[in-house]
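There is one chain below, alone, in structure tokens, taken in the form predicted alone.
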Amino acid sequence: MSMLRTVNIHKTYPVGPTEVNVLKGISLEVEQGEFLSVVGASGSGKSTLMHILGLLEQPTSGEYYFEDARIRYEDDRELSILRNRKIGFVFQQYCLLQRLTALDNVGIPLIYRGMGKPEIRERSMAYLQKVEVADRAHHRPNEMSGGQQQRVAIARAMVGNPALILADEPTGALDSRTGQEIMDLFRKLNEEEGITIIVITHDPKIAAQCRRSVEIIDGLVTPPADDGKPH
């Protein structure tokens, strides 16, 4: 089953009296259970593509299919529900709320589902255990290392049992050893949980650790996107 498919996606931004074409016709298919990297230099369009895949932005033109259903952008509420139930996000700067403990940060997506507090805490603790930071459950972000904060962010992305995790430069703020630990964790989650994971990165060494890699250059996917072979 296809996890997602884009067909001739374009994204244009107005800049003063002109327009900048960031994505210039992206066609990409990702199968369920893939561990894929999207690699590209700064300004190549890879983060814009991630925002579109994560339903954070609407393409200027083209079609996007998620689990074989075409995405329609007319209903913001439906898009929000789909994001909350199907997609988990991991960002370079962790994006944890500083006033909340690790346990409470992980539970945030479940609050929007209307779950009761006991169930939220139980599930959040289970995912902190899964990413091996349960001992930091009652610590706030400023009491944790960068690697621990990123593990908490991954637990938050996973707590709602998403079909897809989008990770935007997830090792960018970490030292090489800790970054390797995070990539090892992604690989483990992909293999054991079957979650489709897409890692957005500028680093070829990080990209090479995924089962398949595609490259974006100047808003276009290079030929490896179509060969279906791991890199």
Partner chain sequence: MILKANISEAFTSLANARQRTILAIIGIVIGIGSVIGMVSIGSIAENEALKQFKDMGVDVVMVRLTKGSPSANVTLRDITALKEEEHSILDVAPYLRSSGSYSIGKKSIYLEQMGVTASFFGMNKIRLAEGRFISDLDENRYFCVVGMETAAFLRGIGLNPLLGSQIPLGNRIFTIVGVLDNVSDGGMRPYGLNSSVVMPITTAGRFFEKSDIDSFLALVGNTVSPVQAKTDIQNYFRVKSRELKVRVTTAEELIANMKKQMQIFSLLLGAIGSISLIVGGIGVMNVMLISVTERRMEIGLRRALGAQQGDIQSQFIMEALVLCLVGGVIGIVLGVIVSFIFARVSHWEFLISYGSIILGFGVAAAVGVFFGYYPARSAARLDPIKALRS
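Quantities reported herein were computed from a predicted structural model and do not represent experimental measurements. Positions refer to the first chain, counted from 1.
There is also a form predicted in complex with the partner chain; it is not shown, and the following applies to it.
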### Query
Out of 192-200, 60-68, 27-35, 45-53, where are the residues with a heavy atom within 4.5 Å of the partner chain in the model of the complex?
45-53
### Query
Should residue 76 be classed as touching the partner chain in the model of the complex when contacts are defined as heavy atoms within 4.5 Å?
yes
### Task
Decide whether residue 137 counts as a contact residue for the partner chain in the model of the complex under a heavy atom distance cut-off of 4.5 Å.
no
### Task
Classify residue 83 as contacting or not contacting the partner chain in the model of the complex by the rule of any non-hydrogen atom within 4.5 angstroms, answering yes or no.
yes
### Task
Give a yes or no for residue 141: in the model of the complex, does one of its heavy atoms lie within 4.5 Å of a heavy atom belonging to the partner chain?
no
### Query
Looking at the partner chain in the model of the complex, which residues in 4-25 have at least one heavy atom within 4.5 Å of it?
13
